[in-house]
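Quick heads-up: it's one chain on its own, the form predicted alone, in structure tokens.
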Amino acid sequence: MSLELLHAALRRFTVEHATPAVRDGAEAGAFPAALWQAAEDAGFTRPFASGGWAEAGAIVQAAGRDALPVPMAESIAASWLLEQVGIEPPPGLLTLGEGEIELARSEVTGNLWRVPWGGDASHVVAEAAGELVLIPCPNLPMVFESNLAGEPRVSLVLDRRPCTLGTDRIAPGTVRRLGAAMRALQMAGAMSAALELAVEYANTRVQFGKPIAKFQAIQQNLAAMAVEVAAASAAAEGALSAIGETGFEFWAAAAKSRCGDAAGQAAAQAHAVFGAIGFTHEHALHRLTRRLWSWRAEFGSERYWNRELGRAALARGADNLWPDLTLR
């Protein structure tokens, strides 16, 4: 399927299946099983059967743009990671987990913190001692939480839990880096949608006899927001194109850092354009901005990734700093 047709299919999918009632139910704690099943039936949760990361990235970005209350990004990333180490992705909802776990033979012990949709997942993919592990979720002790967007986050307790190991080892931090790239793509999509809403509103909202888009202050808000959206989109696309390639460590860190910073600024500018109406339950804007505020802290904050970039620059030395910045 071409990207143009894929984008059209994703738009239809959102209109048909992600209704306001489904969204409200998800925030109230009811997993939208029909929405997830429709995504699986459409092939949006396992796109590598017929495509690659270009198609998968478009799906992840659309999931952010449309604030879909299902873990499409996590399931896509988890299934790809499993395939890289020779594990056949099992059926059902997959997610990514981070925490402190120890591996002994084919059992894991420890804790995974704030796992996205961990209470609804069939399996969680995590890493332990350089190994990618596939852990079944049913019957695990869990602590249920949620993020600011109402998305479920579950802490899992592992006590000699049987798991499946891959045939190859992975680089330390692989799960976090791929999770960061997914969040960067989602944030880029959500910021783009927020900008579209703000531009449309500014051109239709009339005050003192003219659209508020004619006022210089609003124009400055929109211009500043557009700059952040463009920068975030470029950074996220850079990370997407580098998945599985040499240099992904840099691009994942740069994308998550830049998109996280842009998310805070773009959300502020969008709410400045809308005023109080953007915070109302009925309006679409808050579904985007609450996710932006939540996602920027997940799979490493800007501070975390900035430190990683700084350490990498110091390790490479002063003579390599300019080439590293200009030749990528």
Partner chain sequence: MTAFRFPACTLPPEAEALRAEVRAFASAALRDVPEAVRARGWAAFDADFSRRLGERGWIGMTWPKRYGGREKSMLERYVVLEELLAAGAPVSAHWIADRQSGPLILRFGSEEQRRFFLPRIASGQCFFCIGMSEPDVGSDLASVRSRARPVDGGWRLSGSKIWTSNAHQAHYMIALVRTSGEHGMRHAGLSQVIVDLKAPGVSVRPIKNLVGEAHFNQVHFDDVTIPADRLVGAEGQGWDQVVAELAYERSGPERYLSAFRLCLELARRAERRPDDAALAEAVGRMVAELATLRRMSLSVAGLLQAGQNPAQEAALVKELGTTFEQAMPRIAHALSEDEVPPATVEGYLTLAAPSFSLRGGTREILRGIIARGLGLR
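As the structure is a computational prediction, the values presented were derived from the model and not from experiment. Numbering follows the first chain given and starts at 1.
This next part talks about the form predicted together with its partner chain, which is not shown.
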Which pick from L178, A235, A190, L94 sits with a heavy atom within 4.5 Å of its partner chain in the predicted bound form?
A235
Among the candidate residues V143, L140, A226, I170, which is the single one with a non-hydrogen atom no more than 4.5 Å from its partner chain in the predicted bound form?
A226
Pick from 162-170, 99-107, 237-245, 143-151: which stretch has a heavy atom within 4.5 Å of its partner chain in the predicted bound form?
237-245
Taking heavy atoms and a 4.5 Å cut-off, does E16 contact its partner chain in the predicted bound form?
no
Its partner chain contact in the predicted bound form: H281, any heavy atom under 4.5 Å
no
I'd like to check something about A8: if you look in the predicted bound form, is any of its heavy atoms closer than or equal to 4.5 Å to a heavy atom of its partner chain?
no
Could you confirm whether W251 comes within 4.5 Å of its partner chain in the predicted bound form, counting heavy atoms only?
yes
If we check its partner chain in the predicted bound form, which of the residues in 204-226 reach within 4.5 angstroms of it by a non-hydrogen atom?
A213, K214, Q219, Q220, L222, A223, A224, A226
